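This document starts with one chain, in the form predicted alone, laid out as structure tokens.
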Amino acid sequence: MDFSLTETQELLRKSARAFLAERATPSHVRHAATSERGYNNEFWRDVAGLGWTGLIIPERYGGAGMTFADMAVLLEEWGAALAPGPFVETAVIGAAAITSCANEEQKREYLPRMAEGSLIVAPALLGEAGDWSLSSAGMAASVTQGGWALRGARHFVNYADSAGLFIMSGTLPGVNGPAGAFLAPRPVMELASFTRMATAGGVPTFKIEMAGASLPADARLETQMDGLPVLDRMIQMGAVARSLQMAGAARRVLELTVQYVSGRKQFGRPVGSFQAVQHKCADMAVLLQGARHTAYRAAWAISEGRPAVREAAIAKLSMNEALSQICSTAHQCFGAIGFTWEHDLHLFTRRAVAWRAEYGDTPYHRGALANALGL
């Protein structure tokens, strides 16, 4: 495949890198990680003003109408900066699910607000066990006279306190019923309880408990999205989006490491001049390049409207391994300074731990790949 960027994508990459270098500095990331909301409102408004929150939303709903392959370029830069905010949740997963599976009235109601950045979407897909296969949903959807009622709990919901719209997964009625996806606006969540959970990544994450929220009949999204069950496709898109962010983070860790070993002197010479250190940096670069290609391959497949089950699984498996190894090797090259709270490297290491588990951990994607290969 040709992984070279188009002229439009190159312009997007350059503008994103310049903007994030100025506005998503390490101090900004640190402050966001310790704040209640998890991101700065002014920063989010500026991101929306650049058109990024509506990048893949069709033009007729106020978006830019670009492809997931275009979004991939932005996601890599977003990950390199560790930029805070519900970008993947709203501008990628939420935008794609509502564009593909909501009815026309819902699209007109939600998509323009998402494109302008005034509506945050929170996918709420996981039960207590953290099972990405959704086999133990933990949320039951029952049929009522007017539509649906949801009862149960969702765990590990990012930015739930900021969200104006939730995409909830719930087990449908019947013996071993499949899971469905439901749009739940903030007002119907008034009786739900939100409990903040402690996680490694510094993102506000919540447990949501619902004692019977009432939803209209059209709250359930259509069952298929690009030929896959809608929840499976949402997880798949999240996995590819996280893989692209992880590629950006890994690239930045490599850059920081090369910069450090080039300037840090020991025995009267830069430590980067020692062959053992050069080999470690070379290994990091090889890991990054291979895994990054799998992420872009998966993004291309999604842009083409393909199921991309194998591509998404390979991308997430590759980046889970690559980013963890790159961060570990970077700590070896930095030595003691890299383990201190004040050093930026720990920001990437903590985010790597969180991202490994999101939108399918390694066991989940190994199983998905095995099933796709008929093993």
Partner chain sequence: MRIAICARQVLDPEVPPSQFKVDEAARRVVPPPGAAPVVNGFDLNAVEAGLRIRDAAGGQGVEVNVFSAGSGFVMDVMKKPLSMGADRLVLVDDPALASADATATARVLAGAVKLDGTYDLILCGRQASDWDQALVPIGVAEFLGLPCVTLARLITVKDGKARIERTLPGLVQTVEVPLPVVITVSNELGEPRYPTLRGIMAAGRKQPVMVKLADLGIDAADLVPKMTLTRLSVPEKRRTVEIIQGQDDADSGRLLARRLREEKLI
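Positions refer to the first chain, counted from 1. As the structure is a prediction and not an experimental result, all values here were calculated from the model.
Absent from the display: the form predicted in complex with the partner chain. The rest refers to it.
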Exercise: Thr25 in contact with the partner chain in the model of the complex, heavy atom 4.5 Å:
no
So in the model of the complex, is the partner chain close enough to Lys14 to count as touching (4.5 Å, heavy atoms)?
yes
Is there a non-hydrogen atom of Val353 within 4.5 angstroms of a non-hydrogen atom of the partner chain in the model of the complex?
no
Is Glu59 part of the interface with the partner chain in the model of the complex - any heavy atom within 4.5 Å?
yes
Residue (of Gly51, Gly38, Pro307, Gly338) lying close to the partner chain in the model of the complex, criterion heavy atoms within 4.5 Å:
Gly51
Spell it out for me: taking the partner chain in the model of the complex, does every residue among Glu128, Phe194 and Ala213 have a heavy atom no farther than 4.5 Å from it?
no
Assert contact_stretch over 319 to 327, 30 to 38, 51 to 59, 344 to 352 against the partner chain in the model of the complex, heavy atom within 4.5 Å, equals 51 to 59
The partner chain in the model of the complex - contacting residues of 185 to 221, heavy atom within 4.5 Å
none
